[in-house]
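As a starting point, one isolated chain is supplied in structure tokens, in the form predicted on its own.
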Amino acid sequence: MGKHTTMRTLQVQDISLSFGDRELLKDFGFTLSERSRAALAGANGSGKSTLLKAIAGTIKPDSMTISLTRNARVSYLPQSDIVLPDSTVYEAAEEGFSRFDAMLGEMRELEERTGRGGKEAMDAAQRLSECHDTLTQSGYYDRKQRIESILFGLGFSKDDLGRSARTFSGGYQMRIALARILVEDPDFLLLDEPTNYLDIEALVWLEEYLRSFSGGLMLVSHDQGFLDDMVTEVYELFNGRLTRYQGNYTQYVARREEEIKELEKRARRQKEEIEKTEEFIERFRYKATKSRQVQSRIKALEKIELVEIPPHLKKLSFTSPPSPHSGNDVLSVEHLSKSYGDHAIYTDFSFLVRKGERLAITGRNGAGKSTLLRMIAGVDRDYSGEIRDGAGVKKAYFAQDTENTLDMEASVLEEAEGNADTKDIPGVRNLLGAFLFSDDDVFKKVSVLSGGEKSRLALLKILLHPSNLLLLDEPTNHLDINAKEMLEKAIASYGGTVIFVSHDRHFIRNLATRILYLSEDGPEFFDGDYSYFEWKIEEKEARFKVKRTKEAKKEERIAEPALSHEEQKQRRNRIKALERESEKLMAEIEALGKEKERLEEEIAKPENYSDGKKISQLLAEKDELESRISEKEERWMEISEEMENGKDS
């Protein structure tokens, strides 16, 4: 990856887009720098994907001005409709280097010209050298290592690289498309739901990759944990307008909750004023002496802009039916073995699930998560060993293809009511609203729903069914962040036991009391919450790194001769000098950090952010500060390493 000497920016101004009578994007603008880590938030249908497509140039808005630093490149991952070439996985990812095709063609011509002699040959050789430098700096000659590193990180094996890209499932085709744009190494990445089809291992890898990515990032995601770890600013798209908030997603929600409290107060006051105005109009509508005042109030009513709460932030609630009583031992698995041909998924696997547990099953795709849930649910009986339900256990099972069990001719409302107790039927419509079926959506036929809508309806039906053991396979796949929060609360208050498959770390972190991690090393249980699971995984990795480091140092020491008394004295003095420099650097880093915070506050001010020239200046100052901080942090790390090596000697 080549380094740029000037900061690159992407400015979008005066963007507008309408569909029929609806204004989806209403004449706004914003600026991304190569340091930006931004989330795009908003309700389903608010225009998030449309905005990304407009910036990427895949759709043409009614109006838009884009200012992009010269030679800067933008790459875009759509949420769906991926079209892959008829090629191998490796070749599809290698298309990320296709921007050099023209240069490679030019180089072939230049090579021919260098053999002709004279000034033409000298000019050709000079240009050929420049092309080689460009390719070297871009990593073109080392592309095999880069491409394989990205594909392996996203879960492909060595054998997969030579397979046809089109033979993979939709989820893995999305990974190939993601690999291709990461290989492109652009200046700005626009990612629309990049985590939808990633397992937990690929998700962790992607986070690490994006942390080291040197360009600007704007992403749409329903994974709150991913957003919190990745972004430092949130752009909310609501009613066609874009508003910027500093901080990660959780910080954005906290700030919006305060604003929404004020909105709700205004909405109540506005409602009271409207009611008084309507009462006046109705009372004096037919009195000639009041006609002017009546007309004035009617016009005033027509001009009122109703206060609205963003739907993706409305508090949703769902309460499941009471759970029947069950014994303390809810599920017993003994000596379970399961294979597909020669491939063993489980071998002599045993465990017990107790009443009230929230057992999360996570790990890489293909490790057997859904298979285990199907066997527990009794759908798959092709195994050896024993799976026993405890006394009084009543299971409810949500599979990823559960929507296939819906009645396609029924309405959404009829389908939901058919699974509810009589006493719960009056509240079913409100519950449908919590699952993102509002207004006339409840009267739609199931057959016209999208795959995601069918999945949400099937999940609601499962939750309405009285049970004491919930088996849920990726229940959050088609839910937005607000609906996930509602589901979290519903499961947390559920009176029975829950076993769920998920790669959504925020969901696992908030619910799991125990975790079953499936990997190539076999099944492993972690008793405790997700933070404990993360700590244990990190601890294992840290122990491995420490062991390697100690072994390397031990080998170095064997080769080193013993230090004389004078040399030891010089080393002690050197360490003291390094400690003083370290303290000074830390004070300077802290002071620069405060100056950076001040600049970020300036950048966040609406009056500054709408001024393209001023925002560019502020961003340039911030970039210079970050470079200075980075240099001092790098020096501090060097000092720390030297001190550590000196003390260990």
Ligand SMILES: Nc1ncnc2c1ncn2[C@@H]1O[C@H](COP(=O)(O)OP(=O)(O)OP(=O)(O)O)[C@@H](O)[C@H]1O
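Quick note: we count residues from 1 along the sequence shown, nothing fancier. Fair warning: this is a prediction, and the values are worked out from it, not measured in the lab.
Note that the form predicted together with the named molecule isn't included here; everything after this is about it.
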query = Does the named molecule come within 4.5 Å of a heavy atom in each of 203, 499 and 514 in the model of the complex?
reply = no
remark   = Counting only non-hydrogen atoms, the one stretch of 89-97, 327-335, 113-121, 450-458 within 4.5 angstroms of the named molecule in the model of the complex is 450-458
key: Listed residue that, although the named molecule is not shown, lies within 4.5 Å of it in the model of the complex (heavy atoms), from 417, 485, 193, 228   = 193
ask   = So which of 222, 180, 369, 505 reaches within 4.5 angstroms of the named molecule in the model of the complex, heavy atom to heavy atom?
value = 222
inquiry  = So, residue 63 and the named molecule: in the model of the complex, are they within 4.5 Å at any heavy atom pair?
reply    = no
task = Check whether residue 277 has any heavy atom within 4.5 Å of a heavy atom of the named molecule in the model of the complex, and answer yes or no.
result = no
inquiry  = Taking any heavy atom pair closer than or equal to 4.5 Å as contact, tell me whether residue 283 reaches the named molecule in the model of the complex.
reply    = no
ask   = Using heavy atoms and a 4.5 Å limit, would one call residue 79 a contact residue for the named molecule in the model of the complex?
value = yes
remark   = Across 33-68, the residues having a non-hydrogen atom within 4.5 Å of the named molecule in the model of the complex turn out to be 43, 44, 45, 46, 47, 48, 49, 50
